[in-house]
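Shown below, as structure tokens, is a lone chain in the form predicted alone; questions about how it binds or moves come after it.
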Amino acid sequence: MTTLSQQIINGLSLGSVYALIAVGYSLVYSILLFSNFAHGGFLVVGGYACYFLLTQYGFGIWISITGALVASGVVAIITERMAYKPIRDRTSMTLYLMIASMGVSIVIENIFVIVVGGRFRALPQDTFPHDLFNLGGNVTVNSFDILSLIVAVIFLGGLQLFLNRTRWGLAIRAAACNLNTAGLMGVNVPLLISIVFFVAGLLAAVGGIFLSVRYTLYPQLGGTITTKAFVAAVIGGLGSLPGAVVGSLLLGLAEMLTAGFISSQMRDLVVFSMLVIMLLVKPAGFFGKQVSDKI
């Protein structure tokens, strides 16, 4: 029972970080209907920006985090303008966007390998609190896990308020139904897409910072995490933001319970088995719309 409680706490913490990444991933999908595999690159940008602002330039944690969020959001906008917009202007086939995103992901990884090197880096241990709290019995929770869960709730709640209480949020929801119709109704589509990419990059940066602390920071970190975010988004339903959250939490719980009761080496096997089972049983995911193709 103690192990079960402990792994559930760990799973919710990890799932909350996945949710930040998967929601940004689903946000882009809901507007442009393609899987942006360069999303992991934004995560890496955020992680490295925070690392260098902290360790090389000596800024405080809040300035470093803010700088990382802005840097990742700006890179996401630049990526959309340089790689995706020219394709969107020439064709409506979203398959080309997905292929381009794979190329952009490799480009971002290699830029970091060339500029900063491929070695593993870690944020300073005192960047975030790591105190242990006893919840009774032998169940403990790390303050870092609590912090990551709280931060995820704040950012996802803020996104929900943005989407439901602002004009641009209304425009994004309209574009998610039909982007072309939203444009005909007077929505500035290029600006709306830039806002969506900025928000997606910002959320990815938050996830990147927490994953940099939980694991280590290296140029290929985004590739693995993007795959997990894709699985979470598919399980929840591609294009559904609540679905991305649910899928991420299920993914985090599955990983931690597998690690606790079976073997940590079986984590990825269980995760991708969940993906296959979901596609066989409920292809649209828990909250997704039925579509002919998921690109």
Partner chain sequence: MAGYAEGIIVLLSINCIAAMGVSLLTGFTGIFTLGHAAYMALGAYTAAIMTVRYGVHWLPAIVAGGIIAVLVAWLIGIPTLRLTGDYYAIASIGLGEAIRLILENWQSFTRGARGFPGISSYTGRGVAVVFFTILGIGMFNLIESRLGRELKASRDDKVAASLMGFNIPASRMKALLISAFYCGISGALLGGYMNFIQPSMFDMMKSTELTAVVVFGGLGSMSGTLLSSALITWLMEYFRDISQYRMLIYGALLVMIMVLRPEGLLGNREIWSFIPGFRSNTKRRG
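Numbering follows the first chain given and starts at 1. Small disclaimer: the values here were computed from a predicted structure and weren't measured.
Below, we turn to the form predicted together with its partner chain, even though it does not appear here.
A heavy atom within 4.5 Å of its partner chain in the predicted complex is found for exactly one of Leu95, Ile78, Leu191, Leu132: Leu95.
Interface residue among Ile172, Val104, Leu217, Ala71 relative to its partner chain in the predicted complex, by the heavy atom within 4.5 Å criterion: Val104.
The candidate spot formed by Phe37, Met82 and Arg90 lies fully in contact with its partner chain in the predicted complex, as each residue has a heavy atom within 4.5 Å of it. Taking the partner from elsewhere, Ile146 is found to have every heavy atom lying beyond 4.5 Å of its partner chain in the predicted complex.
Contact annotation for Thr227: at least one heavy atom lies within 4.5 Å of its partner chain in the predicted complex. The closest heavy atom approach of Ala49 to its partner chain in the predicted complex falls outside 4.5 Å. Proximity of Leu269 to its partner chain in the predicted complex: non-hydrogen atoms within 4.5 Å are present.
Considering its partner chain in the predicted complex, the lone stretch of 61 to 69, 244 to 252, 41 to 49, 27 to 35 in range is 27 to 35 [heavy atom distance within 4.5 Å]. For the stretch 265 to 279, the set of residues having any non-hydrogen atom within 4.5 angstroms of its partner chain in the predicted complex comprises Gln265, Asp268, Leu269, Phe272, Leu275, Val276, Leu279, in sequence order.
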